[in-house]
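The chain below stands alone and is given as structure tokens, in the form predicted on its own.
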């Protein structure tokens, strides 16, 4: 006899879900036991739910399909919400399975009881509560279809323990997701007319437009019409390096973005949102669109953004080729590491077809320039601004693409949020090289103090932004989690250690110590 958990996992596997990132508890034990009945499903244990959800996000960004997360009741889901926020902003397909108390136990308000649906609403998730073993397969099939819709999203299935252990489970056949809609010819023609008008225009890209096809089409448009081309500040996945068009990102600081958009009479968005400031600042506007400029959306969220860009390119640039970046890497620097030199080491030694999980934050301000002509690679960035993403996303990317080198460029303050991801890297023997940029400070917050007008900073305020008392020894922490680790203070040491880490299978961490930019 098949129970609900077995039917659920069999349905997920049949729908193409191959990996379960999990941190289970008592209410999920029948799901755990059922994993052995479905050999196609790989289980990956993480020690914290924020690593679970971040890994599912990284996996989805590389494969384009969902993994399943297994979370323990409402508190487990709550622990994973920050990286679900990032995943939502990345439009990553994820299927959460959240354990729940059995129906007849709910009445007792046990210590772990909570309002799970309230949490799923916060993450803008498609949500359904499983009601019976014979229906849970259909629920799972619907969840996968919801996650794989256009745009992709998070789907959460609440799994009561009695539905999981109950007999009479029935697996369901996959449900076809609603496909992306075709570009609207009228919208394409209208925007083509605007771009031909001679008025200043900015084409702002995001989402799937960061892949090679999207970049090639967008660069053809920009080359033919003179439109300025920008990528959103934190793209979910951006293909860069030799052989693909180069594109600048919209600046993180509102002052930078305002300068990039200055003079624009039209802002055309494709896969992105109209640009706004990350935060409110005294006496500064939140809307970054120049006064008087018009905003035009090339494709609605439900549409095929890349196809829309290609249709627009065919209209305004039929005989125009994209400008591809030539191979060019920086010379290896020498001397002490600092905010400029460490990125030059990475740019000089970056391997072909790498995946960069970038959470270097203020320490990475010169990274894009240093890697512009490096071998082709993909960059996964901090889409939602909730720090603690970099290491978990690297885990998911490495599970998704075991044949590709994964490089986690990770700031020290953010690393401390989800440092236990190192344990999963070691357990799964994932090919991840972590370069941990250790400046012993929340440098970005030091910068923001002045920008928000908090000019009088005393010792108490300074202490809240300092990570040096005591100093964290990330090399020792990594070894404690089973990851080989070294310390680099010079360019020569970083280059030697980076080469060695890339040459050996499995995870490695380099504690790269630099002075803070702020």
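Residue numbers count along the first chain shown, from 1. It should be emphasised that the depicted structure is a prediction, and the values quoted were computed from it without experimental measurement.
Heads up, the form predicted in complex with another copy of the chain isn't pictured, but that's what we're talking about next.
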- Per contact check vs another copy of the chain in the predicted bound form (non-hydrogen atom within 4.5 angstroms), the hit among 340-348, 274-282, 152-160, 201-209 is 274-282
- Message: Quick check on residue 68: any heavy atom within 4.5 Å of another copy of the chain in the predicted bound form?
- Response: no
- Message: Taking any heavy atom pair closer than or equal to 4.5 Å as contact, tell me whether residue 134 reaches another copy of the chain in the predicted bound form.
- Response: no
- Message: I'd like to check something about residue 118: if you look in the predicted bound form, is any of its heavy atoms closer than or equal to 4.5 Å to a heavy atom of another copy of the chain?
- Response: yes
- Query: Is there a non-hydrogen atom of residue 111 within 4.5 angstroms of a non-hydrogen atom of another copy of the chain in the predicted bound form?
  - Reply: yes
- Query: in the predicted bound form, do 184, 390 and 404 all put a heavy atom within 4.5 Å of another copy of the chain?
  - Reply: no
- Message: Only one of 245, 74, 330, 364 gets a heavy atom within 4.5 Å of another copy of the chain in the predicted bound form. Which one?
- Response: 74
- Using heavy atoms only and a 4.5 Å cut-off, determine which of 223, 79, 127, 439 is in contact with another copy of the chain in the predicted bound form. 79
- Using a 4.5 Å cut-off on heavy atoms, what residues in 466-487 are near another copy of the chain in the predicted bound form? 466, 467, 469, 470, 471, 472, 473, 476, 477, 479, 480, 481, 482
